[in-house]
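A single chain comes next, written as structure tokens; it is the form predicted on its own.
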Amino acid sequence: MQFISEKCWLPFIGDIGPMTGTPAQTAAAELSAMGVDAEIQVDEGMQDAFRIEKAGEGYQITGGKSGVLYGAYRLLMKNYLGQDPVCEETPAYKLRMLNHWDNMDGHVERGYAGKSLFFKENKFCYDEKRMHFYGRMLASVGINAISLNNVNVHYPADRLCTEELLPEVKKIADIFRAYGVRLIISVDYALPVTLGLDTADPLDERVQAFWDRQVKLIYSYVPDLCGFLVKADSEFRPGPYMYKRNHAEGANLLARALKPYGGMLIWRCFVYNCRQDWRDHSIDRPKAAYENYAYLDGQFDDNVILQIKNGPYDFQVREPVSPLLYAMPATTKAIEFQLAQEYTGQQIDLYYMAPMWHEVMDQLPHLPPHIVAVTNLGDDQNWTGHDLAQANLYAYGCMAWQGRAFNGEETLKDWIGLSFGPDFGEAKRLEKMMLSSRSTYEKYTANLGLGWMVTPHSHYGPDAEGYEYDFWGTYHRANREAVGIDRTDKGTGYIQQYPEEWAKLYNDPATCPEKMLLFFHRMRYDYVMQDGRTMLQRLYDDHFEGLEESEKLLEDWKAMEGKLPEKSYRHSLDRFEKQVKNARNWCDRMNTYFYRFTLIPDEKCRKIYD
């Protein structure tokens, strides 16, 4: 039985060696290595789409330049799983991107799977064979772009678009090109100042000329560069606000320099007051993205993509959909998710993300044309720290390809079959574990829409008031009578940023989805929930149930000993044991926290520490 860490979900691939040609040549090599009779026909008008048809005893794959490669992998996957490969597919999103938050010193910001795949000691340092395998992983699920470096750009990454490091960028771009993957560089908005100017004002002609020169240089090395990714005026990063310019003016500066080369400017909308006074109840952080951007609709150039987080906070266990995703119809948008489990268990606790993604898609009347995720990858042998976290990377690629047709349950079945073999006898048990994992984690951590009750800086483990008096604007304001923030039209007014149907739903506690009740409302502990329990009892019950369910996950994993690859079993066993400890810590500390405020005991007389 294979060890899933080594080939992830690609057990069916052979040895094709490093590829340096076109994706079509890579497709031919993959099919030949596995002895599959398939003719490849490139139709550039199909772009990323493909069609697989029977042709005599074999198949014909017709598709665009990268589409034929996606079709080859689909054929190989379906053959391995014993499924009919005949199909015709077109991707739902044009740009299907992964953001690496890798620093050149080798550290990965919010990375839970080891060090950087690309950098070490402020230099490019990577295993070239592994880079080729990574390209195959990405292409197998249709991902077509990656940003190499952290959006928080630090020296020497600010030199990635200069003569100093561009030769190295070219080398890695050459590797990924054979797999249909284009590079994106995260750039520092203040680079003109770093390299000698006295300003980065987007309306200054010297700054405009600087970026024109720099972009021309970059494309002389990497002619198919996808573009730039920028984090500006956010968490101490420089941006156009420094020069009293708006973000359309700031983004258009870079977009116009990229335009002649077909490049895109991806502009993150994670902008908020991170020096908030906790005493000031008029400031509500979730309102920030909408306030900073909605009024600029129609002012961004057509090659600007606004990258908007799926929720208005910062990848919490549960958030509503960001209201900015409903707004700005005249502006191109990308939705951003986080595969790196920053607030969802850090690739220690099991958390299959597909159910969360379904909720987001179900609430959006129109999906944006582009999709992005912060990676969960590192240089650990198994790529993602927890072997089972590989399922999230696979599922993200499938969702980015399929859009509304994405089925998280079917995708999980395929991933289990690919990773453990199509005849894996414990597939149903593992599937059940993973499908329940999000609910389990939510119960023992941040239920009913509460967020941020985490250990500061590390963001792992409970700290009920870890950010309560801090300047990041992340408060729940619990006291002895109530908890939560009133975001209704009588409170901060955040709800008014939504379309009318959603605002009406969220504004009334009786119709607000209960799992987000304390995100939108400040509620007394004796508030009666729909099932007759008080809100406090629901808090107690969820935490106890989450602990019990995490213990059951460990039991189920132990029951598969001898039926799993030994290395994978042992590695993940350690993760499940840590998860139970984490769940117990959350359960005891959070229940005790609310008990000490209220002095109301658990109705079921379970142990709460006074």
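Sequential numbering from 1, following the sequence displayed. Source: prediction; values computed, not measured.
A second form of this protein, the form predicted in complex with ligand GCU, is not displayed here; the remarks below concern that form.
Participant: May I ask whether 231, 314 and 343 all come within 4.5 angstroms of ligand GCU in the model of the complex, judged by heavy atoms?
Facilitator: Spot residues vs ligand GCU: full contact, yes.
Participant: Of these, 265-273, 376-384, 489-497, 246-254, which stretch puts a heavy atom within 4.5 angstroms of ligand GCU in the model of the complex?
Facilitator: After filtering at 4.5 Å, what remains is 265-273.
Participant: Identify, from the list 514, 109, 431, 204, the residue with a heavy atom within 4.5 Å of ligand GCU in the model of the complex.
Facilitator: Exactly one listed residue reaches within 4.5 Å, namely 109.
Participant: Only one of 459, 533, 115, 182 gets a heavy atom within 4.5 Å of ligand GCU in the model of the complex. Which one?
Facilitator: For this set of options, the contacting one is 459.
Participant: Check whether residue 163 has any heavy atom within 4.5 Å of a heavy atom of ligand GCU in the model of the complex, and answer yes or no.
Facilitator: Contact check for residue 163: no, nothing within 4.5 Å of ligand GCU in the model of the complex.
Participant: With a 4.5 Å heavy atom cut-off, would you call residue 124 a contact of ligand GCU in the model of the complex?
Facilitator: It does not: once ligand GCU is placed as it appears in the model of the complex, residue 124 has no heavy atom within 4.5 Å of it.
Participant: Verify the contact flag for residue 151: yes if a non-hydrogen atom of it lies within 4.5 Å of a non-hydrogen atom of ligand GCU in the model of the complex, no if not.
Facilitator: Looking in the model of the complex, residue contacts with ligand GCU include residue 151, since a heavy atom lies within 4.5 Å.
Participant: Would you check, heavy atoms only and a 4.5 Å threshold, whether residue 101 touches ligand GCU in the model of the complex?
Facilitator: Close contact exists here: in the model of the complex, residue 101 approaches ligand GCU to within 4.5 Å, heavy atoms only.
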